[in-house]
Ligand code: ADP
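A single chain comes next, written as structure tokens; it is the form predicted on its own.
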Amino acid sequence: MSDPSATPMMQQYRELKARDPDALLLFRMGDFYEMFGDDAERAAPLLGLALTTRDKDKADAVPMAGFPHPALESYLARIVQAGLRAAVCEQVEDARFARGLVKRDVVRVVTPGTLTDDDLLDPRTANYLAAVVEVSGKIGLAWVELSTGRFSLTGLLRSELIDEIARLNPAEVLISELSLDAPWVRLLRGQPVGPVTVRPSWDFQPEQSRQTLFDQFGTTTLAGFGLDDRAPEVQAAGALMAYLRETQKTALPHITRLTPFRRGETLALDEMSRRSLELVRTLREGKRDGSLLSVIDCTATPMGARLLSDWLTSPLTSPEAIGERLDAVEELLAQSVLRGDLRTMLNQSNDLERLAARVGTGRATPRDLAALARTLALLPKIKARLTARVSRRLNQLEASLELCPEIRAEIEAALVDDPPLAVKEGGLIREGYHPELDELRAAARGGKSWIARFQAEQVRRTGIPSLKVGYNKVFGYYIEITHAQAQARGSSIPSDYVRKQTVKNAERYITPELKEYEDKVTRAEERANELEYELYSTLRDRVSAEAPRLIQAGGVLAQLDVLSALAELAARHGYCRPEIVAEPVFHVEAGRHPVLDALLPPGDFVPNNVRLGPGPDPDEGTILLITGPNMAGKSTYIRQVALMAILAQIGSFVPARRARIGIVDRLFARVGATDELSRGQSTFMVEMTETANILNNATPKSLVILDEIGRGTSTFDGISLAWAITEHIHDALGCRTLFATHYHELVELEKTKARLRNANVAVRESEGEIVFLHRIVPGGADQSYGIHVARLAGVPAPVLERAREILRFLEKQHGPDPGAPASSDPGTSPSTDAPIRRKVKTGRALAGSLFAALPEPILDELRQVDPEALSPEQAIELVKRLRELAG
């Protein structure tokens, strides 16, 4: 509702603000963007702006804050990083021709998920906008990257949503206002993703969402994209498109297709497994540096870097598709000259996908178009180098690489080689491109030449050699004569000189003749600038119509970049091509951890073999139980197995001498302990929840990585759980599993579980010191060397000595309670009043209960008893005797 006391400008501001109350309205006023009222008070501390007031002498003064218009992108970045929205309001008519108040309108709404400008984006990371809707218990998920036009969708179970959100890591998520109380929304808000934006429910309605998509793609059905028009994910996609139209205020010709995401075609990774394995960011600091992605990323372009990240978070499960990628990588590895040529040309290219998207949204600058033309100029050379390739994938890329020669020709013909950033100040268009523009420029240049001649003529006329013709934006052209010369000449100043301005050391004059030529020059320059902008806009619109072809060419370059980068990775670090097979095996010779191998000095990392699944050796099993001391490398070993599986299934070579890897359908990594106190969950509760996920969802083709399961509770509870979990994996699941543990008792399982094998980390002992050899060898470890590790960590000597005393008693058949108070006499041992439970030494002691805390004499007596030969009286006597032995 308008305020009758407000000025026309403030009424205009409030009307525009009412359209999107939640967004900060950046209101263009001349050379500044201003914010008023609540927006100013909210934005000033966030952006470091001075908070002032408009009409400060009035009682109802309005708070105000602003910044110069050239700084828009930097302030937009800070607004978006804070998770806020910004509505950019521009003057949509020339103030020179406005009658009354200049017309203004919101030209775009910038949100975290709708960024397209390079200054606001990480060039090597996708910036997804996602939408989620629930229909009859099924989840529809859609996501789009506006900066490239990639638009995908999938249907999910409720339990799968958070894992997919973790994979995408969207910058913003849209939900319906009707979903606010849904349990999955509460889980979604707890994820480390961008803001959750609530949208009107009608955007998600089936008919409305379908029609929005039909309008975008010019179809009457989505069947051509392989989609069911009635699927929940279609409703999510329609809501996404409605949001993009509302925020972008323009057509989106670069979004041309919907791509179904088939979860069954990719290796499934839950949220915790992604985090534990540090695929794209580190677990502790959340940074890209130190992750697997940072180590394997040898890409030359931002397009390739984004695609590599997509591949890494969605490995394939089709041996044929993986084989196609591996064939291409192998060919590029073998052809080092070809690989070098391609990488050199890719290094010279620009981000064709995002350039095309900015063109498609009408926001491309002249420099964007020039960069696009330079990249298109590389395409014929790249295509020529791809001819007659052996691998199928490289041949496909060559065939699908569109050169777009007419687009390149139009840009090169129209634009100067190094155009300015501004679009309305001239200097964009080449000489000879447009006859009228050339005439206007000639007139402008001719006028300037005339000014020079005019100055020389006035010097002769007045006899004042220091007379100059100058120019400023306020007065235009003027004749300047110093005070000294003016006083010396006195009345000899020509009568047609009209004094216009007095400055410190001179007088400034104009003449009718000078003003007449000034008008001609000014009009010619203004019309030339206007015409250049018109020509540029026409060129941009022409290129915009070809945005889909440009994005398609960018996609080809991205694939080529990733494949050549994987070949470069293999060449640099000595990776081998894995043999990908269907049967569930994992046979690796001299395998290495890809991250540590790259970060350590060459040759420092100790390689190890892995043998899991059926093979020629009858001693191989599907479960490898790994024991050994802390810091010796158990966790590194099991992690490297998981990372090699992922690398193999994205089509990469792997860090090993030889590898034969069976397809993994799901990979579970329970590595390390993560407290979830903010969610009211203890470390142990999280550990058990993740373990339950594994036991309920793993299949015979899965790969399970377990590290120290059960240590979050008491020792005997932990051992019991670890034992039972291992048995269940062996007996019920049968999947490939690596289990690193400190529970040495579990090594007894090898005696009763045919497909379980023990391994340990080799240690060399010398004169009371130990050396970790980081080699995995067969057999179980007999001790953990925990006290030695504690010494290395700096634990005080008295604590270490007390630990050794307790350990000596624990290792005996019977011993004292380690919790009993220590004797005050340092020469004595701890109290022996309370017995302790001794370590179980054989699997036979597990009959009846998992761990029976029975003294050895009782066991000996029981082993000698023949139950069939006992009379009732003898049985009673036996029980009495056993009670006496038990104390």
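Just count from 1 along the sequence shown to find any residue number. These numbers come from a predicted model, not from an experiment.
Below: the form predicted in complex with the named molecule, not depicted.
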Quiz item: Once the site C-alphas are superposed and the named molecule is modelled as in the model of the complex, is the result open or blocked, blocked being 3 or more ligand atoms within 2.4 Å of any backbone or C-beta atom of this form?
Solution: open
Practice problem: Select from the listed residues N608, Q649, S702, T114 the one whose heavy atoms reach within 4.5 Å of the named molecule in the model of the complex. | Solution: N608
Quiz item: Which one, D604, E583, E93, D122, lies within 4.5 Å of the named molecule in the model of the complex by heavy atoms?
Solution: D604
Quiz item: Can you pick the stretch from 557 to 565, 321 to 329, 516 to 524, 628 to 636 whose heavy atoms fall within 4.5 Å of the named molecule in the model of the complex?
Solution: 628 to 636
Quiz item: Does R441 reach the named molecule in the model of the complex, with heavy atoms at most 4.5 Å apart?
Solution: no
Quiz item: Taking heavy atoms and a 4.5 Å cut-off, does A484 contact the named molecule in the model of the complex?
Solution: no
Exercise. Decide whether H573 counts as a contact residue for the named molecule in the model of the complex under a heavy atom distance cut-off of 4.5 Å.
Key: no
Practice problem: Indicate whether the named molecule has at least one heavy atom within 4.5 Å of a heavy atom of K383 in the model of the complex. | Solution: no
